[in-house]
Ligand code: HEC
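One chain is shown next in structure tokens, namely the form predicted alone.
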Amino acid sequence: MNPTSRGYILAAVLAGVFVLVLHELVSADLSKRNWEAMTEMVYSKAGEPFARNDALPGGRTQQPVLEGVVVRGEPPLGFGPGPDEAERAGRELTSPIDLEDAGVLERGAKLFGTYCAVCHDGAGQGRGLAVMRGMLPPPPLTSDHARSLADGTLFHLLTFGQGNMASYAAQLSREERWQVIAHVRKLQGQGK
């Protein structure tokens, strides 16, 4: 057999294989699940955010947001942590939330119930379930001191945390933090 004939035979075999593969792809039943490769990636178990995880730093699944990380779609805040920055935020930040929108207050109440009531309780008195189980009680949100804090200062506290309160910037978007503040103002009798 001469080299030219071998080339034609090889080309014919490759063309036949190509046609068979193409036929399989075109005639595949799209209503059925395809053959799976690397199933360990398909069925990997997701970690719960607050669960223990010895494979990650700090021994937990949820990791802190690294300094300098900008959440997608949100520009840098322009404030740093600390009491001086909290005071500056109180002077410079104002709530963009429309308090006339009933949906805003409803969403703020739901977020407060999910993220804040565990420590502050539903009425903001600082007697939540975490406190009943031994955590130091937070100050009441209805106290004169809490009422006197500017909205921007409260936003800074939710963003960076203070004392025993952790930052909620990773859990709540900026808009959601403002909605929670609107709900706190309602608890204080200053909102709708």
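The structure presented is a predicted model; accordingly, all values stated were derived computationally and were not measured. In this text, residue numbers run from 1 along the sequence as written.
The form predicted in complex with this ligand is left out here; the points below concern that form.
- For the options L99, A109, V118, L77, the one in contact with this ligand in the model of the complex, meaning a heavy atom within 4.5 Å, is V118.
- Proximity of P64 to this ligand in the model of the complex: non-hydrogen atoms within 4.5 Å are absent; the residue sits far from the partner.
- Although the partner is absent here, A170 sits far enough away that none of its heavy atoms falls within 4.5 Å of this ligand in the model of the complex.
- Among residues of the shown chain, L136 is one whose heavy atoms approach this ligand to within 4.5 Å in the model of the complex.
- In the model of the complex, G163 approaches this ligand with a heavy atom inside 4.5 Å.
- Residues of 147-161 that come within 4.5 Å of this ligand in the model of the complex, judged by any heavy atom, are L149, L154, L157, L158 in sequence order.
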